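Just the one chain here, the form predicted on its own, laid out as structure tokens.
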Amino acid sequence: MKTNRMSRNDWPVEIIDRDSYEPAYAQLANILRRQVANGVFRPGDQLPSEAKLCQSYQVSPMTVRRTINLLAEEGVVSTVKGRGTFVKALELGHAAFGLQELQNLFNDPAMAVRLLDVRIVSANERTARKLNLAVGQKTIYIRRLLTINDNPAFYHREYLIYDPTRPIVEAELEVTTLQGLFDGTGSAMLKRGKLKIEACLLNEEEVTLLQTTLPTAAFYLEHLFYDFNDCPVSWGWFICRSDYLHFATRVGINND
């Protein structure tokens, strides 16, 4: 069954607000994005030409080019040299999952951190590889249990580079590096980090601490942070109960 489609010559044209704080190219990008979301232009459709957009919205060619570049960077459109600009089809490979829900958990005022263990240990092969150390070199090992409303949610283990000239302060024992980065109090000594999230099954120790039963699935969140010399300074992982964390995302362009 055919549907009635609007021709490229009579698509709805909105007005660019010249008094707005928002630059014209951003306004035009929002307009075209809304039109794609509302089905005025659908995947595979060609957008009006640069000259047509300039004429319809009373903007310069440079403004139109900035608009198209912005939409191309967002994955909304693609340009074909000599042919024009086309709306891209939905691609699940471009879906991105954020960490907002994880951040909300760490920022929950009901969250508390309980220090289980802190001691100096010799780096085994795995720890030495992660922290770029020699096997047997000293590291600081910390175990923590994070609870929400007194219910265990995360079990955290972390290894820090041992520096005898810099003793651990109490705040570092009670607040994890990742938690500090989420609430804006993260260390200014960190340049970058790597995060990895995987599914896992709890072992007996984790089941006991997280107050659940075997077999139970959970999330494994590994983190590795580097200083401004690009040297690793801390490595560890959270084990999170699966009922506390969920991941969701949107694909495509939404009407809102």
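Just so we're on the same page, rigid core means the largest C-alpha set that superposes within 1.5 Å between forms. Residue positions are given as counts along the sequence shown, with the first one as 1. Note that this is a predicted model, so its numbers are computed, not measured.
Just so it is clear, the following notes concern the form predicted in complex with the DNA, a form of the same protein that is not shown.
In summary, the region of this chain contacting the DNA in the predicted complex, judged by heavy atoms within 4.5 Å and restricted to 143 to 151, 82 to 90, 116 to 124, 129 to 137, corresponds to 82 to 90. A residue is said to contact a partner when one of its heavy atoms sits within 4.5 Å of a partner heavy atom; Phe238 fails this definition for the DNA in the predicted complex, lying far away. At the 4.5 Å threshold, heavy atoms of Arg18 reach the DNA in the predicted complex. In the predicted complex, Pro43 stays away from the DNA, with no heavy atom inside 4.5 Å. In the predicted complex, the DNA lies within 4.5 Å of some heavy atom of Met62. With the partner omitted from this view, the residue of Asn38, Gln58, Asn203, Thr213 that lies near the DNA in the predicted complex is Gln58 [heavy atom within 4.5 Å]. Not one of Glu158, Lys194 and Leu221 is positioned with any heavy atom within 4.5 Å of the DNA in the predicted complex.
In the predicted complex, the DNA lies within 4.5 angstroms of at least one heavy atom of each of the following residues of 23 to 45: Pro23, Ala24, Tyr25, in sequence order. Core-superposed comparison between this form and the one not shown: the C-alpha position of Met62 differs by no less than 2 Å. When the rigid core is held fixed, the Cα atom of Val80 travels 2 angstroms or more between this form and the one not shown. Core-superposed comparison between this form and the one not shown: the Cα of Cys231 travels less than 2 Å.
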